[in-house]
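To begin, one chain is listed below as structure tokens, in the form predicted on its own.
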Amino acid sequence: MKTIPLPRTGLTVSQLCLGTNQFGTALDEPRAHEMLDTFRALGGNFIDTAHGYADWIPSAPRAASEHCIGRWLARQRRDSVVIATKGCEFDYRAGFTPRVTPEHLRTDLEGSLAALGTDYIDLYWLHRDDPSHPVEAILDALIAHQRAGRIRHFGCSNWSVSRIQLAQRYAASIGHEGFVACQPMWGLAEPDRAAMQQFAPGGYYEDGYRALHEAGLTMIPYSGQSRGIFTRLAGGQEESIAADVRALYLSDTNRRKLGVVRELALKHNATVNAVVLAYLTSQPLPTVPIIGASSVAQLRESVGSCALVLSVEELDTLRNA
């Protein structure tokens, strides 16, 4: 992988960001650490986690992913890795009540720093939003933690376009840059908007986030591989697609897109997955997709896709298929 500058931060990150929501649970610690070691050996330095990852599993320890990464991070030179984590998520073990206040931010951030065994977070995400609260207080709290050195930069995940714009206007009014990045749901596959709400309550990239992108927010999207829908369809495995993925992505629109994906894969002597990821890594505006993998082989395949660069015309063809 190449490294690219993360605008407005001074950070340099790998083309792909490694998602870790299964680390320490579905991927036990030895396998998770093998994945992290492989990612680093392949040029990766950007790792995304969350304080609430795996808290939805009753038997899992709290902050399982962060603790797993923290034990690996203890063996690394801290400034060689860019760590992103999230706070202000629902408390999965106490219902789905919003937790987006300065106090929730403080407790989650302190928990993340302890679990990861670090003094600072490179990029701190607000995992959710609570539109019933004004943005000013939560922005002020983020800025205070930044000035104290606990976080270097901050962004948002699952926030609506209108709330992000409101937050950015407030930040500008007090002379601060505000959010430097946004983590929307975005991949080549077009999602069903109703099914999407349980995965991306903030919205899908093509539903207004392009304007934020053009205004200078870096996009670090999740579901960048569209949950593997194109690979399964191309392999004739439609019947094996999980129910939630089927509800989200199985449509005539995406079947039509598969035809274009196949044509480009043949043209470039690439895999279907490589074309799907290249749709994001080839974007003209700063975009760093978060990838998921359950094996080293999958990780190597995804990293290998970085060699494929699609033209603007090819990107438009895929988008409009």
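Heads up: residue numbers just count along the shown sequence, starting at 1. These numbers come from a predicted model, not from an experiment.
Here the subject shifts to the form predicted together with a small molecule, a form of this protein not shown in this document.
K.L.:
Assess the spot marked by Arg8, Thr85 and Phe154: is the small molecule within 4.5 Å of a heavy atom from every one of these residues in the model of the complex?
P.N.:
Result no, not one residue of the spot touches the small molecule.
K.L.:
Among 167-175, 141-149, 101-109, 228-236, which stretch has residues with heavy atoms no more than 4.5 Å from the small molecule in the model of the complex?
P.N.:
Partner-contacting stretch among the options: 228-236.
K.L.:
Using a 4.5 Å heavy atom cut-off, which residue among Ala54, Ile290, Ala32, Ala278 comes into contact with the small molecule in the model of the complex?
P.N.:
Looking at the other structure, the residue within range turns out to be Ile290.
K.L.:
When the contact criterion is heavy atoms within 4.5 Å, does Asn273 count as touching the small molecule in the model of the complex?
P.N.:
Answer yes; at least one heavy atom of Asn273 falls within 4.5 Å of the small molecule in the model of the complex.
K.L.:
Does any heavy atom of Gly24 come within 4.5 Å of a heavy atom of the small molecule in the model of the complex?
P.N.:
Answer no; every heavy atom of Gly24 is more than 4.5 Å from the small molecule in the model of the complex.
K.L.:
Can any non-hydrogen atom of Ser223 be found within 4.5 angstroms of the small molecule in the model of the complex?
P.N.:
Close contact exists here: in the model of the complex, Ser223 approaches the small molecule to within 4.5 Å, heavy atoms only.
K.L.:
Though only this chain appears here, would Ser302 touch the small molecule in the model of the complex if you measure heavy atom gaps against 4.5 Å?
P.N.:
Although the small molecule is absent here, Ser302 would touch it in the model of the complex, with heavy atoms inside 4.5 Å.
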